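In the block that follows, a single chain appears as structure tokens, in the form predicted on its own.
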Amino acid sequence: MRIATSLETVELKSSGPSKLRLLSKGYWLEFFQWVAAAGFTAVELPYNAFVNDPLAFEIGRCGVPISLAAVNVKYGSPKGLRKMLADFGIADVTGVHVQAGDALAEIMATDGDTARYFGLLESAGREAIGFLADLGATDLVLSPTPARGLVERFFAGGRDGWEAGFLDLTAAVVNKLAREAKAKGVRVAVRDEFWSLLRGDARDAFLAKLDKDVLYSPDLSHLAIAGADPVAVMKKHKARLASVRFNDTKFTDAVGNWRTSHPEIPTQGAQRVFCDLGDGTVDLRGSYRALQDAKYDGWAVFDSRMTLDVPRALLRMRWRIDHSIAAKA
């Protein structure tokens, strides 16, 4: 098993102190120093191919290595980014994480024509595949549906059973991308958040629609919030795992935030969904052991989503990996 961390430890989708600094190239050069100092030699990148949504525009035109355009402007090229990371002591990039919600955000920011949605999702995935091929990385991790509340608002149209049709069209896009990716030495994996249409049993039904080459990238905290046992889920899909995301939560979705348009930022109940790795209730050690028992040889990607102190979180993650999660009994 190979260990990495994710740039998504840095929260970019909400406002807060020093938000503008988080978007600067200088911040990311410092961040990569922290990553290497904490003993991580591989990273996973977020990826957003769109620019019209105000948030995507702000992030993409700054120093965040989040798209081909941003990398070309700020780091010269994907190869230039890879060389810079190597100079910091970060030898590998595991892959990128693409979120279908970004395609819907693009539509909401422009003409509102939802007929464009699946084409936009496909084009974003295709751009990410090319970026990965240039970067020399292998894993395209795709969160294949936006938040359920948003999908229902824009696509349900008052119809019963609308979910099945939406997921059929989504599966067709994923399968097409997977075939294109394979030709370029890239593999596609899907990830299910606690607010997505893949929640619960829908995950298994969706995976059954996908080609056998499409893998599954579980996110432990999302599984736990949705009421699933991460260990049991990984054991069930052990032959299909890739880029397993290790993170933590002690959040209980008591008021059904998963049904809303913005579930990651609750307006009712507990306000903090995620916590630093090791501060929550997810069975991290049991999950790691389950991967070892399955002889999993892919990436375990660690993050502390929505942390309030990024360098501290990186150091604590490394300590907890070495002394608890991955420590020998």
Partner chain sequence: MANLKYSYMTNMWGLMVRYPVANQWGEWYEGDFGNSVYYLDWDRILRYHVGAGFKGIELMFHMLPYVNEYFGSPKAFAEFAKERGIEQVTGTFSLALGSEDRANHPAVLAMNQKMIDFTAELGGENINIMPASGYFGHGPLSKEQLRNAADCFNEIGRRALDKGITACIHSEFWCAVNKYDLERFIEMTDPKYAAFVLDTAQVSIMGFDPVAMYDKYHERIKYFHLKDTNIIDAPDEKRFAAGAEFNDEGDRWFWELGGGQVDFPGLWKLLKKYKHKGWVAVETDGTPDPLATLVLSKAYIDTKLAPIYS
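Owing to the predicted nature of the structure, the values given are computational and were not obtained by experimental measurement. Residue numbers count along the first chain shown, from 1.
The next section is about a form of this same protein that is not shown, the form predicted in complex with the partner chain.
Ile59 is the sole member of Val35, Ile59, Val282, Leu45 with a non-hydrogen atom within 4.5 Å of the partner chain in the predicted bound form. Note on contacts: among Pro266, Gly298, Gly39, Gly278, the single residue with a heavy atom within 4.5 Å of the partner chain in the predicted bound form is Pro266. The stretch in contact with the partner chain in the predicted bound form, judged by heavy atoms within 4.5 Å, is 101 to 109, chosen from 137 to 145, 118 to 126, 218 to 226, 101 to 109. For the marked spot (Ala156, Ala254 and Arg259), a heavy atom within 4.5 Å of the partner chain in the predicted bound form is absent from each of the three residues. In the predicted bound form, the partner chain stays beyond 4.5 Å of every heavy atom belonging to Lys238. Mapping the unseen interface onto this chain, Ile321 falls outside it, with no heavy atom inside 4.5 Å of the partner chain in the predicted bound form. Although the partner is absent here, Gln292 lies well away from the partner chain in the predicted bound form, with no heavy atom inside 4.5 Å. The closest heavy atom approach of Ala183 to the partner chain in the predicted bound form falls outside 4.5 Å. If you take 22 to 54 and check each residue for a heavy atom within 4.5 Å of the partner chain in the predicted bound form, you get Leu23, Ser24, Lys25, Gly26, Pro54, in sequence order.
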